[in-house]
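Here you get one chain, nothing else, as structure tokens; it is the form predicted on its own.
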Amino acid sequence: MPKARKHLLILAVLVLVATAALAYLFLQFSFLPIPASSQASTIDKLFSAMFAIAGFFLALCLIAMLYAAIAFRRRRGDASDGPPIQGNVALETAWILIPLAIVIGLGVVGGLALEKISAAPEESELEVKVTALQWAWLFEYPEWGVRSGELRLPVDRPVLFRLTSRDNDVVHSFWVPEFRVKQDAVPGRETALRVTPNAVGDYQLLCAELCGLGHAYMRASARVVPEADFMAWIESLKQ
């Protein structure tokens, strides 16, 4: 077997083994917060795909660099120059077209995922109007005509958030990490975000857009509760 082919074979085996190890690590140990919405599974699949692809390229770069440093190191007593490299058209074409295809593919898959999680459900939605300001969140439930500084949602019921920021304010971004989805709140404009919470619990609503000095403290409680508890909370706000 020619030396060049032998080196390529060894490198390919090492890269595949390292990629498999990294993929196992990424999939076995979740680096994401617990999922708490029906949209989360779709987004987590995208994360898994991107972690696997990133693991391959990480392994390819690191293993190739380490292998080259060991296999092609200068031997003791060798003071000659290395062979001149004029370029490799096939290699240069591959490293342009393959990443391009991956990026386009991820874009298409991401677009389909966005369409899926943004689609209006068949069942009725709970509408919540969200107003962002430096540095707080205000929530309005038009169906009952009540407002609160705390976000509370019934479990397993689709929610339509209508987001905006005050006209004289800045852009904010509505984000509950466990829901996975987020959306900007833009001054003078209404944006929409759909979420179906599916896990009872206490979460934190964060602003994911740098919005000024108090950005790090722009938080609100986001509680997902059973339907009966939610209705009892709504009744308490009416009093």
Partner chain sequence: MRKAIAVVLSLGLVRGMLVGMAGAGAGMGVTVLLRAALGLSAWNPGPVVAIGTITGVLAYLAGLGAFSYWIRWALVAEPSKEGERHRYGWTRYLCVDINHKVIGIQYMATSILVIMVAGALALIFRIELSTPGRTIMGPGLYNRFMSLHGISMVAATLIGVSGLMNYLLPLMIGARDMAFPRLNALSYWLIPPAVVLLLTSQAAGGFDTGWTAYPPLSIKAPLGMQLMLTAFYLVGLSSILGGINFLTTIFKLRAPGMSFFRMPIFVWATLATALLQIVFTQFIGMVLIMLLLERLLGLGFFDPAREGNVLLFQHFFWFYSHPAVYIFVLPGLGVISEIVPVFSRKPLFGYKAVAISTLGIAVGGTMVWGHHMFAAGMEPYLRIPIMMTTLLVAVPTGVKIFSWLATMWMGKLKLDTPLLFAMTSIAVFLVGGLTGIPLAIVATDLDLTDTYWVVGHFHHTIFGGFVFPLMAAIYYWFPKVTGKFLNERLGKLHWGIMTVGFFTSYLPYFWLGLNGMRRRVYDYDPGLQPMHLVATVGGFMIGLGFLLLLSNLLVSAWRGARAPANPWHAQTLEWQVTSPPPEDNFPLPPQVVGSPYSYGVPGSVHALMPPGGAGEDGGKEAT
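Computed from a predicted structure; not experimentally measured. In this text, the rigid core denotes the largest set of C-alpha atoms whose superposition between the two forms falls within 1.5 Å. Positions refer to the first chain, counted from 1.
The form predicted together with its partner chain exists for this protein as well; it is not shown, and the discussion that follows is about that form.
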Worksheet item: Among 106, 146, 160, 136, which has at least one heavy atom within 4.5 Å of its partner chain in the model of the complex?
Response: 106
Discussion item. So if I measure heavy atom distances to its partner chain in the model of the complex, which of the stretches 67-75, 138-146, 119-127, 152-160 falls within 4.5 Å?
Written reply: 67-75
Fill in: 4.5 Å heavy atom contact, residue 225 and its partner chain in the model of the complex
no
Worksheet item: With the partner left out of view, is residue 8 within 4.5 angstroms of its partner chain in the model of the complex by any non-hydrogen atom?
Response: yes
Worksheet item: Just to confirm, residue 207 within 4.5 Å of its partner chain in the model of the complex by heavy atoms?
Response: yes
Discussion item. Residue-level contact is defined here as any heavy atom of the residue lying within 4.5 Å of its partner chain in the model of the complex; does residue 216 satisfy this criterion?
Written reply: yes
Worksheet item: Even though the chain is shown alone, can you say which residues of 166-190 have a heavy atom within 4.5 Å of its partner chain in the model of the complex?
Response: 167, 168, 169, 170, 171, 175, 177, 180, 181, 182, 183, 184, 186, 187, 188, 189
Practice prompt. Indicate whether residue 120 shows a C-alpha shift of 2 Å or more between the shown form and the other one, with the rigid core used for the fit.
Written response: no
Worksheet item: When you overlay the rigid core, is the Cα of residue 83 off by 2 Å or more between the shown form and the other one?
Response: yes
